[in-house]
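In the block that follows, a single chain appears as structure tokens, in the form predicted on its own.
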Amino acid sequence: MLLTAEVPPPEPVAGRIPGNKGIWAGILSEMTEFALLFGVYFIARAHYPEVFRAGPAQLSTLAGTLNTVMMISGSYFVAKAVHAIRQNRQQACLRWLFLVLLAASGYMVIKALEFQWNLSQGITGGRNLFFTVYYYLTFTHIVHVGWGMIGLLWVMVRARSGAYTPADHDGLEAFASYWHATDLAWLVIFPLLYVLH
């Protein structure tokens, strides 16, 4: 039986970027997509300020806040997973990744309940321009969370098989970088859609 002892993390290499080039190309694409959508938001808001001032009050601030908690929690858990693997604590890493999966699943469930509530209130994308932008932004974010969950399942399989070590865990770092970027996008979406009047 192979025992894994906690080891001090390796010294970081100066100038090293976590993950790999592929994930950073993906993150750049994601950030470009959201930047364009945020541009649409601000242009639309400039032309229809009264609609955008009234819009957030009609949404569920509770749902938006709970989704924010889920996204921030997921980012915390994935950071702990990376920290655990750097210390050669594979089981702890896997437990943290499972918590990321719970947070991501919680986000999806809350979003589904929020959309159901919206529809019961007559809040559809065709109601006015604010809600059109709201649905575009939130559906786009849901897609990115979904992709993240697929990546997370792959990372969990790899972590369970012992593929990550303190010296070689680029795949885990790549996933963590993607998840943080998706979290960052939500941290801009939340105040724009749920708070800013």
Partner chain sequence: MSHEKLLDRLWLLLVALTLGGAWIGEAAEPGLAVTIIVALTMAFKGRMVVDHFMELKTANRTLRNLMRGFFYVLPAVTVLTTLFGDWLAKLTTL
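Just so we're clear, the structure is a prediction, and the values are computed from it rather than from any experiment. Positions refer to the first chain, counted from 1.
Same protein, other form: the form predicted together with its partner chain, not shown, and the subject of what follows.
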Residue 111 within 4.5 Å of its partner chain in the predicted complex, heavy atoms: no
How about residue 101: is it within 4.5 Å of its partner chain in the predicted complex, going by heavy atoms? no
Any chance residue 61 has a heavy atom within 4.5 Å of its partner chain in the predicted complex? yes
So, residue 94 and its partner chain: in the predicted complex, are they within 4.5 Å at any heavy atom pair? no
So if I measure heavy atom distances to its partner chain in the predicted complex, which of the stretches 124-132, 143-151, 159-167, 39-47 falls within 4.5 Å? 39-47
Partner contacts in the predicted complex for 180-197 (non-hydrogen atom within 4.5 angstroms of its partner chain): 180, 181, 183, 184, 187, 188, 190, 191, 192, 195, 196, 197
